[in-house]
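Single chain ahead, by itself, as structure tokens, in the form predicted alone.
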Amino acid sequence: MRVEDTDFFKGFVRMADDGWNMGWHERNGGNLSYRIKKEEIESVTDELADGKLQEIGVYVPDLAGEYFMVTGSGKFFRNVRINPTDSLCIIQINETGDSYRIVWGLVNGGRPTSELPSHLMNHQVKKKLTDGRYRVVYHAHTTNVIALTFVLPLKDEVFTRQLWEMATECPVVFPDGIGVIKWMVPGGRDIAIATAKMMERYDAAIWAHHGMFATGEDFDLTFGLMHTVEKAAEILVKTLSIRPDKLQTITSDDLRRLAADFMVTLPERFLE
């Protein structure tokens, strides 16, 4: 089977295209990765090459031998649908978890996203914590979330509570809350470690003045999480632009009743 004929490839391309159409991926902004299932990679083995090993920059031993579909560094999301073999690649992690090799894609040269260390460390954390259920990591430049990082305190409690109040579905979609990381230089080991630490507690993390990371079991859930957070941020931006305070909102007791009805657990520290 050709890689382009697989369901995981089609889902990957659709998600990248959806993100572009949302306006979250100016130029070469943002990146996406998917941890490929064993049966999926076995269906395309005839298409895989034996690329040269390259260092990751971080150590991910729990991902040894795993295959990932990843967007390329410097590639534009707007081109993923029309020229996927130039924009995307499949990589395999080596047996020690410190290097990777490209086995498919990037036919005109290049390398995986510069945020590969953050992606792989997030994948490693979520693979452990979810017994392998989580397979998608997504980074986007969500406009309204970025705007809020200039005016709200960069605290998990503040962002979580403010966004929970913006739409009734928010506490149900991200009941664990959202992590916030102060501005750091992207693409390196330090920000990868900081983001992976956040992913031990949350499924979404905000990079101040930069964007968001979201993780999930599949493309729909991960994109849905990113979309829900960004829509809540848009409502908050519009609310703050009308007046600096709210006349009414969803209260702590309202949130507790919502959690009980929808059978989710909301950390009390976000309700105080």
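From 1 onward, residues are counted along the sequence shown. Note that this is a predicted model, so its numbers are computed, not measured.
Not pictured, yet referred to below: the form predicted together with a small molecule.
- Contact with the small molecule in the model of the complex, judged as any non-hydrogen atom within 4.5 angstroms, is confined among 243-251, 26-34, 48-56, 222-230 to 26-34.
- The partner is absent here; in the model of the complex, the one residue of R135, R78, H141, R161 having a heavy atom within 4.5 Å of the small molecule is H141.
- Note on the partner interface in the model of the complex: the residue among Q124, T113, Q92, T149 having a heavy atom within 4.5 angstroms of the small molecule is T113.
- Heavy atoms of G72 reach within 4.5 Å of the small molecule in the model of the complex, making it an interface residue.
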